[in-house]
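The form predicted on its own is given below as one chain in structure tokens.
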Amino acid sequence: MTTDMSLDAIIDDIDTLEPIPQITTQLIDIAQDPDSALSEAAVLITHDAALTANLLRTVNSAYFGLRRKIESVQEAVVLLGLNTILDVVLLQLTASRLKAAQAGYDLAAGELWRHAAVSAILARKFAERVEAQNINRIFTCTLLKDIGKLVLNQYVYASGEEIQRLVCQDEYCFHDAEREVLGIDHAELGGRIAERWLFTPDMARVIRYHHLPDENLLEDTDLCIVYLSDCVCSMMGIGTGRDGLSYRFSDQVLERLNYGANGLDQLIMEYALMKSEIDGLMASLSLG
């Protein structure tokens, strides 16, 4: 069986991708609305029995170290805060979509999701450090930034030798090589998926440009944080796969976010300090 390598075929394949559950987009909307009440998220979650059970299992795990057992979603939201609960729920909801192996990117089962989850957790930390205004959106965009790989994977697999030749011999960034060979890269495809799934224009834009292809994008703080968390995660060897180290790093991002001359070392140290915390959260989700 041959793979139709045309751009039209790739775009059409977006419709074969199983959409994320509707509750995901509803929770994203709540997270981005400063006027939303805690009860709105709690009510949505409690309508899904499996999600509720998984959430309660996670918040009652050793990671959160609560002194008493939490018995309801409403109680979890009050004790841990809406942001924490939304992070946990979004991590759970995206796991089933992102955990499959992606042979085209040389990613074993679970690696794409782990990279997405860890980079999203890092992004929240970085966003809090620079007092970003759209922290929930940053977390969600980082978590879903590589959604385009789910569609492009089979095409990258079929054209792997040609893409790798451009990367290794002609020093292309991986996403540039994807675009040269296939007519589109996973970031652009991710942006189109976000639009198809009715994400906000801002979210689609961040997903589309998360590799910072243009220095003019440095003015976008959200985008810089997503980019930086992705880079640090790859540098730490988390879900790198075939493309993870085939990108150029922009020092200008460190300046934009007020990290000094040793900013990259500082970021790596921050990750090292957070590693046990992150590993604990992943273990508590029983998905990592």
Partner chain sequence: MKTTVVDVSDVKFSRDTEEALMAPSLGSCVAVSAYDAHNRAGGLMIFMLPNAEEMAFTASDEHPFMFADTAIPHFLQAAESYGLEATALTVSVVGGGQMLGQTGRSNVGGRNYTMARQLLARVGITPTHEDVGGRHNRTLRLRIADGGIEVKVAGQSPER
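Positions refer to the first chain, counted from 1. All figures in this text were calculated on a predicted structure; none of them were measured in a lab.
We do not show the form predicted in complex with its partner chain, though everything after this point is about it.
When contacts are defined as a non-hydrogen atom within 4.5 Å, none of Ile23, Tyr63 and Asn83 contacts its partner chain in the predicted bound form. The single contact residue among Leu264, Leu17, Ile11, Ile278, judged by any heavy atom lying within 4.5 Å of its partner chain in the predicted bound form, is Leu264.
Scanning Arg68, His47, Arg57, Arg248 against its partner chain in the predicted bound form with a 4.5 Å heavy atom cut-off leaves one residue, Arg248. Of the stretches 212-220, 194-202, 169-177, 133-141, only 169-177 has residues with a heavy atom within 4.5 Å of its partner chain in the predicted bound form. Contact check for Leu51: no non-hydrogen atom falls within 4.5 Å of its partner chain in the predicted bound form. Among heavy atoms of Met236, some come within 4.5 Å of its partner chain in the predicted bound form. By the criterion of a heavy atom within 4.5 Å, Asp106 is counted among the residues contacting its partner chain in the predicted bound form. Under a 4.5 angstroms non-hydrogen atom cutoff, its partner chain in the predicted bound form has Arg242 among its neighbouring residues.
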